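Encoded as structure tokens, the following chain is the form predicted alone, with no partner shown.
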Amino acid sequence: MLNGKNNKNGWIVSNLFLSYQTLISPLGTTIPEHVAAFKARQTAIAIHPNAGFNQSTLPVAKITAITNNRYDAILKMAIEALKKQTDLATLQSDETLFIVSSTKGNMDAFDTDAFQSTRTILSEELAIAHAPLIISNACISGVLAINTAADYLKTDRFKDVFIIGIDAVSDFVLFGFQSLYALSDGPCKPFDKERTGTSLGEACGIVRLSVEPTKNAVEYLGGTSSNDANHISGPSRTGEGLYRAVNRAIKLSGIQHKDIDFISAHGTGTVFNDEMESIAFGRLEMEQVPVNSMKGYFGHTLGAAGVIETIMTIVSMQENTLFESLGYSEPGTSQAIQLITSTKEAPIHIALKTASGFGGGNAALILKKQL
């Protein structure tokens, strides 16, 4: 829990509250649609011909209704949904900040400024008071953006931060993952013995971190990040970076390891990532904590992943539901972890969300259900 303090604007920053606003993905355009898809074990990943380098066939999670300028189209869809459910005065307030999490931005504008359209859309569609802060730190961007929002709220400047996590499928990213032999030949299978790689996807999610309780909110206890300094694309073999990030987040949150009821893991379905996470969770003595990866539903949405998976973590907490880790059937890591094999009801009071990414980045945050 963050230390309370009086600031010049008159409010007290002690507890912070995280709520979901909107979620756009191939599974739907509303939260209830996504909940229904999860309960129905529905994946957004489908086989797309001529998707990869040399026109190879790849399993990808794409919004098929969008045929061009994918990034801008998805962002505009999310902004329209946000305007329908959030007070415009709050969105345009001088005490509101926007943070955008994306690994690549609009790749259609790669030769100029990939984030110019982001700034333009937010300005024209919402008339926000401040230029948005862009966070692009590989696949930890979403969790890192939420943690950064908390840092801003601890100052005396803002009351609300809206975090937008977004990435779109592009040839640039697909070809890059192909060159690393990191893509699966079918829908990804996080933590499974037969996993062969990840499946890419696209999505946009928006969450709101506020100094006051809001609708659909859980309490944000704390979060942090680390770097394992191992390799540009390969994680630490000992899980050191993730281990340190989670330990620090737990300390900042004022809880103990045993208090965590659920872990939303990164779980890409690649051999090295899943193995690293299992080792880190074992070192943290969390082998018996229920854990899932949501990549089997969404695919790996890169900069959007930490945000949209946090949204579904909030849903899990509010509905007391542990969603199945889709694609998993047989243990495939050296350290045993408690993968959720079927969707079931269970009390979830405190949840841990983790993320790991290229460059050795690791991030974690902890949420608590309001009493």
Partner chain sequence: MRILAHSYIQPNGIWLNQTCVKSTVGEENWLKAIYQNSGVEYPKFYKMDDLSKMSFLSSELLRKFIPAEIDQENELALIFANHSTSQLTDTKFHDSYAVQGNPSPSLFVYTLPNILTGELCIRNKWYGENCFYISEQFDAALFIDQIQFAFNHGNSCCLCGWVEAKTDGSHECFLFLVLLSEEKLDINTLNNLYKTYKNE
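Residue numbers count along the first chain shown, from 1. Source: prediction; values computed, not measured.
The same protein also has a form predicted in complex with its partner chain, omitted here; what follows describes it.
Remark: of stretches 241 to 249, 265 to 273, 68 to 76, 82 to 90, the one touching its partner chain in the predicted complex is 241 to 249 (heavy atom within 4.5 Å).
In the predicted complex, its partner chain sits within 4.5 Å of a heavy atom of S225. Within 4.5 Å of any heavy atom of its partner chain in the predicted complex lies no heavy atom of H130.
The closest non-hydrogen atom of S179 lies within 4.5 Å of its partner chain in the predicted complex. Although the partner is absent here, T214 is not a contact residue: none of its heavy atoms lies within 4.5 angstroms of its partner chain in the predicted complex. For the residues D185, D94, E124, D171, the 4.5 Å heavy atom test against its partner chain in the predicted complex is passed only by D171. Proximity of T29, Q318 and E345 to its partner chain in the predicted complex is absent: no residue of the three has a non-hydrogen atom within 4.5 angstroms. Annotation for 118 to 149: interface residues with its partner chain in the predicted complex are R119, L133, I134, I135, S136, N137, A138, L144, T148 [heavy atom within 4.5 Å].
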